[in-house]
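Here's a solo chain for you in structure tokens, the form predicted alone.
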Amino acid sequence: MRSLVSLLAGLLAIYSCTSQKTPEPFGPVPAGRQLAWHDMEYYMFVHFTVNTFTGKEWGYGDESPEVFNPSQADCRQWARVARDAGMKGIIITAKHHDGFCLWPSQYTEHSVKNSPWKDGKGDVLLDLRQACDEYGLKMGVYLSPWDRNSAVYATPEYLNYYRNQLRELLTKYGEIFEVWFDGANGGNGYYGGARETRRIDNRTYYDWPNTIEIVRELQPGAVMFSDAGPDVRWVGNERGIGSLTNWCLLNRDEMYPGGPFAKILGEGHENGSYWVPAEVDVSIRPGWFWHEKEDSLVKTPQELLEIYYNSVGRNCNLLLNVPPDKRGLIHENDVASLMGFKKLLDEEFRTEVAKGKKAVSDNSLGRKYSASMVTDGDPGTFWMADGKSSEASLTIDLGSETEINRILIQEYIKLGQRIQRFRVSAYAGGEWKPVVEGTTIGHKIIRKFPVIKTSRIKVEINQAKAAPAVSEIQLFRAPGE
């Protein structure tokens, strides 16, 4: 009889676990291409064109293709540096505002095909594609909507030209992970010899919906970046700083590249209608292109580490610009700084003390979504409070007194971004001591705090739009404090 009761109990437990409904998403959720983008976190921007040789930041479009002649151009070096620095991809300025194309576009003479580099037979995009494949990196492209060289810019004919070039980039160079649309639009330029100022209505001129459809058709796995997305938004500054309150949501319908939205792009919209997370773009140098006078002004490893905390640590991805010099190589000073930063980063997160430790919660949706999921090292599993709770807490038992000074938290964003306010406390000296308070979490946040010795950590979700879902909590003892 006892064995029959035990058998029935076991079957009941299995049934209750397998019959448990999958939680429903709340609000906008990321598409598959956006989830893949979130996981990249840190990748390289490469600004490289005629400006590298003229010393300008924005070329006028009147530069002769003959000025483009890197003596040792080596995309393999770029890719090797990016990989060794811990980056996961490279986005290149295939065409900047000057209109010069780094690939032999059939739609313009203003390209590498009329430069002395490789006797006009070169193709930077092809070289980069091969290098990214060799070093296990993803590749993205920047195609400036503004073109100061084109004689037909600001006319309807230019849209055909621009879209033809976009199709070249999206069909000839393999899989593209991100297409970058800059917000600079219209102004003075060469424009095929006219040398005049041309203005456009950047809300309507580019007919963005139809341009977006080209990307969706040719590269369905690519995210698109601009002030308004549609997939990834600008963070609103170029200083490497994300907002502490950072919603992955945006009401993008009334927004467009180059619009006056910088003040709202950092935080996004708490009740936004679309999933449009923020990307932090910042240069390792004062300028975006290489200038010899800036060789001594490269950001230090410590400055880059602070940028990391202010970007990846604030629910953003980090796009760090590292411009090649006239040789077509990443300068030694930049390489040294990047490698120093990688060393700091490795040391910062070397000692993780929460993995595998016991975690309990004041409530959960069921065994499949128990508190133990936040310390199992698998971001694909998650703890979730029951459907009636917008407040809940988790406690991680470290087993013994342990020094910590960093915490990493990830929401399970496949179900949406839910958490509005949280607090982290450490049990020390016989009482709970607050160490971190915050608002949003999203894909990932990392917070620093003074070293504290504790045996238990409590994470309280004080306010949420719906039952909170947390996939990872990691604790670290970073050096030097």
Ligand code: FUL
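The first residue of the shown sequence is 1; numbering continues from there. This is a predicted model, so every value here is computed, not measured.
Another form, the form predicted together with this ligand, is not on view; read the next lines as being about it.
At a distance threshold of 4.5 angstroms between non-hydrogen atoms, Phe45 is in contact with this ligand in the predicted bound form. Among heavy atoms of Trp58, some come within 4.5 Å of this ligand in the predicted bound form. At the 4.5 Å threshold, heavy atoms of Asp376 stay clear of this ligand in the predicted bound form, well away from it. Heavy atoms of Arg148 never reach within 4.5 Å of this ligand in the predicted bound form, leaving it off the interface. Across the options 326-334, 154-162, 281-289, 346-354, residues that bring heavy atoms within 4.5 Å of this ligand in the predicted bound form belong to 281-289.
This chain appears without its partner; in the predicted bound form, the one residue of His110, Arg314, His97, Arg233 with a heavy atom within 4.5 Å of this ligand is His97. A heavy atom within 4.5 Å of this ligand in the predicted bound form is found for one listed residue only; from Tyr369, Tyr173, Tyr142, Trp117, this is Tyr142. In the predicted bound form, Glu238 is the single residue of 203-241 with at least one heavy atom within 4.5 Å of this ligand.
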